[in-house]
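The data below hold one chain only, encoded as structure tokens and taken in the form predicted on its own.
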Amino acid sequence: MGSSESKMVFVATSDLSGLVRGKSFPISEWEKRSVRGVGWTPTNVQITCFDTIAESPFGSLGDLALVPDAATRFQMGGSGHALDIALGDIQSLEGEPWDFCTRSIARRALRELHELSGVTVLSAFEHEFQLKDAPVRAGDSFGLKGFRDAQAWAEALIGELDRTGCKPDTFMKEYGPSQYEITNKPATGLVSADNAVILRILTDDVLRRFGVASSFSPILDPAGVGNGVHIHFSFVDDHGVPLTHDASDPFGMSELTRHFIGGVLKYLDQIMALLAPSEISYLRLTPHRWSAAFNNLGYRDREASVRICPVSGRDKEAIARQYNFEVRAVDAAASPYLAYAALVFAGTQGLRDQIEPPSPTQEDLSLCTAEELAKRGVQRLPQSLAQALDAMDGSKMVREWFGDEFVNVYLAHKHKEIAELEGLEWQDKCNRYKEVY
């Protein structure tokens, strides 16, 4: 075990590939580094999930600072192997947010929503993951046996999450082979996305100490189940008063909620490359996989892109505080910050333009014709990453929200990722992503 003078702090950033990268410094330099940060290189933004470098407008030029946020600092690891980590913001040397810092983009999206409407987002990320190369228990969907197998590492993980302030909510053995689900309690604003990053860091770290390895990859087997990320949304004002529910609406949605969801659904096809950003993401986003294949609003429908969730409260106040909706078209190949920002930007646009969502669906949309769907304002989502990138490329609104330079860099990043997989069979592609996420 190193002395306190030799201990390190790791400053982390969730990058365009949704992976955590960063840099460390001696813990004794915290006061200085928490203001000045550590040096960072602009072209790092173009490191793909396969550790290749996409075409970069920065080349070898430029300097940035990765500045830790003291409010996010936590310690992971057991005795003798502990490590201090802080999530950070990438800034210019003058201290301005960098246009490609995912955390800064999410913060800006939340600020714009609040400036427009006085609304603060209360949200939670729900994650599914699988164990890599673990023996499969037959007949154990949502089962006790698989839960019991996981109990030791699950309790250790929940304990570490709790110590970070990333409060866990539920944990269960999921439907798929060696598949589990873990949820966080809701948090305000940017903290929710911070918690999603922390959860992924700690899951990998804790499970490895127990001799098992997790994968949050969108799908491990083309014929198997997918691993989704469901982001739950509700809204409060500056005094904490809930704004999401309206008892007079047939489905419980306030006007604010309707217009926010309307924006999300109108622009969903154009932000899919940020929500489901891997080639294999689109194997999961197909009908009858309990994921999302259409830009529809569903009433308690687990195949809807946006789902109105059930509440268990019996009085008006309890219902108003519980009422929420979830976006189901997201996976963990996405940076939580970019997925969050894209949804908040789209929802904010829905408020500006007072966009009404399509009526909630309660049937199998895969049985409807394109004409029937069009009459209801519903369409099939992109069916490949290439299609999603094309939709993003041609989107006036996405370019307005994120900036032309960001969109162009992101497109180059993802096209390089696609090129790395060229010629591979789908199972081989799944295997590549399985080891990364």
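The first residue of the sequence shown is number 1, and the count goes up from there. All figures in this text were calculated on a predicted structure; none of them were measured in a lab.
Unshown form predicted together with a small molecule; subsequent notes refer to it.
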| query | finding |
| --- | --- |
| Among 235-243, 219-227, 268-276, 251-259, the region lying within 4.5 Å of the small molecule in the model of the complex by heavy atom distance | 219-227 |
| Heavy atom of residue 147 within 4.5 Å of the small molecule in the model of the complex | no |
| is_contact(residue 137, the small molecule) in the model of the complex, heavy atom dist at most 4.5 Å | no |
| 4.5 angstroms heavy atom contact with the small molecule in the model of the complex for residue 302 | yes |
| is_contact(residue 99, the small molecule) in the model of the complex, heavy atom dist at most 4.5 Å | no |
| Contact at 23, 69 and 103 by the small molecule in the model of the complex, all three, heavy atom at most 4.5 Å | no |
| Residue among 84, 181, 89, 112 with a heavy atom within 4.5 Å of the small molecule in the model of the complex | 181 |
| Residue (of 321, 107, 73, 289) lying close to the small molecule in the model of the complex, criterion heavy atoms within 4.5 Å | 289 |
